[in-house]
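Only one chain is shown below, in structure tokens, and it's the form predicted on its own.
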Amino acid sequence: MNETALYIHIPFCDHKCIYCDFYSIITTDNISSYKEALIKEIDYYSSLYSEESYITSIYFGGGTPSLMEARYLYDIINHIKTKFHVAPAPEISMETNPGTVNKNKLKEFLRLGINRISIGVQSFDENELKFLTRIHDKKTAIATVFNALEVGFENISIDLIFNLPKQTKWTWRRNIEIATLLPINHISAYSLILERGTILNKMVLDGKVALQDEDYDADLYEITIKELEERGFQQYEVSNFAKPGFECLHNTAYWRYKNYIGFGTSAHSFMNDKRWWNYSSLKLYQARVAEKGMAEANYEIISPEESISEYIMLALRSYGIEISKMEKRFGKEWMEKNMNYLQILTDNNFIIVNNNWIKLTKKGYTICDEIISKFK
């Protein structure tokens, strides 16, 4: 059996933030019928892949999964365990937003099987939170972290966003300082990306908001790497930092090019060199699942050339390329074609090649996409 990660998309939200491009809906309608559709979709894919899949992680994303009652998520987890071969102690993650859960609800989530929580803080600066249209303030964000700790969560992550309009280096350093003083063991730090279709995109097009330039973004990213590592958070992916032993097992499956199955609206899957994705519309998703047991909107078969390119990209963005495993899977052609380029990168301190590994340096991480684009 192959290690496989499962993702469940819960699209329901209480508020749409200006920068968010994930599929989410501001309604309490269809919550019950949506769970029924998820159960049916789980049945469909377990009939295809349960014998070859060993489930090591389950991830509830959204939307805001924590808006659901704990029993709602438990029913899904329990059904997965009846349909798939699940590891004895899988990592089960749930995204939540400050202000959407109290201590009692967090305790219920933990009791029913959620053992990792990812809190969408984004910033500890009140002006930045207002700009991002978050529903919480700094005090609530900090309280949510401590509530999670007090009820028994040992694996706590937070999200932060940098390079916001008018964000100073001092403000970003202050965000990092506050975050690292909290009882957390994982930080996802993302640069603000302007996505089509978002409220923020329209604000920029209308001239109401001006984004900062790429050089400033690079400066903030360098600050992020330096200051987080000085505070004990090791970088293990371009945007992710963890204390030793607290790397996100679920996301690691993506970066190590392992199989994963996504359930729910807009969810993506990757199994045996086939990638597919579901319809985003809740109405269309539920109709297709009712009709066919699944809601695949489209798919692609990954060619051998695409496969190695994706493998290299994901590996360099995270742990690095383990040369022996890469050559066992794809052969030695890639190394031979790129030997000269690898030497140039080494000479310029963008990568380190030793002990069977190729890894980006801190300097290399800052231009990761540019480096990857030039491989043959």
Partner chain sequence: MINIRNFCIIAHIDHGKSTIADCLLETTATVSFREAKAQLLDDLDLERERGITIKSHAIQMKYTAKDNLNYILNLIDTPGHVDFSYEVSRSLAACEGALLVVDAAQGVEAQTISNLYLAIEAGLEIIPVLNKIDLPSAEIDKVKGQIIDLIGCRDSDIILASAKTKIGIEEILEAVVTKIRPPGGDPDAPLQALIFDSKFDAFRGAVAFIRVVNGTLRTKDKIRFFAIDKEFEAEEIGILGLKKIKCDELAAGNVGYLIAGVRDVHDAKVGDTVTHKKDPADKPLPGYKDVKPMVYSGLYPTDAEKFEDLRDALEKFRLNDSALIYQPETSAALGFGFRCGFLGLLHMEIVQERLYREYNQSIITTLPNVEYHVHKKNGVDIIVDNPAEMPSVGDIDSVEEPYVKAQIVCPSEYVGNIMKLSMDKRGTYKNISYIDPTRADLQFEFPLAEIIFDYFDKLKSTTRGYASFDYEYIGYRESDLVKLDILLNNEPVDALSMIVHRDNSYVWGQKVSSKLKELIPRQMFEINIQAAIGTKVISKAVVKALRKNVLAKCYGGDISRKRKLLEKQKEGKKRMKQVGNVEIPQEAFLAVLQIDK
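Everything quoted here is computed from the prediction, not taken from an experiment. Residue numbers count along the first chain shown, from 1.
Beyond what is shown, the protein has a form predicted in complex with its partner chain; the following relates to that form.
Look at 311-319, 45-53, 28-36, 63-71: in the predicted bound form, residues with non-hydrogen atoms within 4.5 angstroms of its partner chain sit in 311-319. Against its partner chain in the predicted bound form, the set E128, T180 and L211 makes no contact: no member has a heavy atom within 4.5 Å. Within this chain, M335 is remote from the site of its partner chain in the predicted bound form, having no heavy atom within 4.5 Å.
With a 4.5 Å cutoff on heavy atoms, K83 does not count as touching its partner chain in the predicted bound form; it lies far away.
None of the heavy atoms of S123 is located within 4.5 Å of its partner chain in the predicted bound form.
Residue contact with its partner chain in the predicted bound form: D219 places a heavy atom within 4.5 Å of it. Taking a 4.5 Å heavy atom cutoff to its partner chain in the predicted bound form, the contact residue among E154, E300, E150, E296 is E300. Between its partner chain and the residues S281, T171, T140, S191, the one pair within 4.5 Å by heavy atoms in the predicted bound form involves S191. For the stretch 338-376, the set of residues having any non-hydrogen atom within 4.5 angstroms of its partner chain in the predicted bound form comprises Y341, I344, L345, N348, F350, Y365, T366, I367, C368, D369, E370, I371, I372, S373, K374, F375, in sequence order.
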